[in-house]
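Form predicted on its own, single chain, as structure tokens, below.
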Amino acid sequence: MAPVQVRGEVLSIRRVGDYHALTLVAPGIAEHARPGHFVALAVGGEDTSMLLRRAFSIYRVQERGVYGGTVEIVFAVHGRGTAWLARCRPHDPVDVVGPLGRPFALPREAVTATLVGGGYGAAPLFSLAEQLRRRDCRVDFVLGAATESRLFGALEAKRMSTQVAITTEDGSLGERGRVTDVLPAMMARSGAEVVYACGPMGMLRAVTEIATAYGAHSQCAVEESMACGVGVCMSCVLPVVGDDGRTRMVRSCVEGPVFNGERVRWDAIGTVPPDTVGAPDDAAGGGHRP
């Protein structure tokens, strides 16, 4: 279904560690959202100078409720736009466009799946886990962050998975280190056939390499800045190899944000590789930065 634009309304906002969880009444969006979809919110109010929307992965949806369908997002305050969102209160209006993007692909048969999340990037993995369990898939979680306060969903993951590994870079919870330090052992124990990941780009690259080494398919929800969210501005392009073996610059907001991890040219993010279809002549010798 095509995305829609609705005048949403804040139902609730709460703190979750270093993050904010915002629930919006958004009829017409909640009913059609799938794990991996995102929404683009107008920020700053009607008289703001902040013209660009902010894109957020969908954490949870409720298709029906007292006030209509709801969408929940999780975010950290990074700038004026997210600071404005953090100040919102129940009944405040927020203009919402969604559901946007390409969601995670679900297996047709039961598989063993490992879900890897970094920080609040883990948010869309929980609705995905529910969908996988409905298909009789085994679900394991690996969650990581810099500190305990920046982890998201650790208790929820324990309730809905066969095994969970938690890492923090400072050792404040779980094992000291990063998700990629514990992922190989987790996959070896479970015999994982598919890895779903969402988090920083460096993490996604490393997770893809580990999944490939263990013969598992990988799906990665990338974190690229999306100025429009609908494929017009071309600010979120990245190099991806197509079915024909050729590299093209594709839009994260339309062709993604979920990509086959093995197809993304992780080493060339932020550039136009010289072998890209339509690359300028001056890209020869290392890649052109758009």
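Residues carry their position along the shown sequence, with the first being 1. Computed from a prediction, not measured in an experiment: that's the story for all the values here.
Below, we turn to the form predicted together with a small molecule, even though it does not appear here.
> Is residue 55 close enough to the small molecule in the predicted complex to count, meaning some heavy atom within 4.5 Å?
Contact with the small molecule, yes.
> So in the predicted complex, is the small molecule close enough to residue 48 to count as touching (4.5 Å, heavy atoms)?
The answer is no: residue 48 has no heavy atom within 4.5 Å of the small molecule.
> Does any heavy atom of residue 81 come within 4.5 Å of a heavy atom of the small molecule in the predicted complex?
Yes, residue 81 is a contact residue.
> Looking in the predicted complex, any heavy atom of residue 222 within 4.5 Å of the small molecule?
Looking in the predicted complex, residue contacts with the small molecule include residue 222, since a heavy atom lies within 4.5 Å.
> Answer with one of 76, 106, 173, 154: the residue that has a non-hydrogen atom within 4.5 Å of the small molecule in the predicted complex.
It is 76.
> Would you point out which of 260-268, 223-231, 22-30, 239-247 contains residues with a non-hydrogen atom within 4.5 Å of the small molecule in the predicted complex?
Comparing against the small molecule in the predicted complex, the contact stretch is 223-231.
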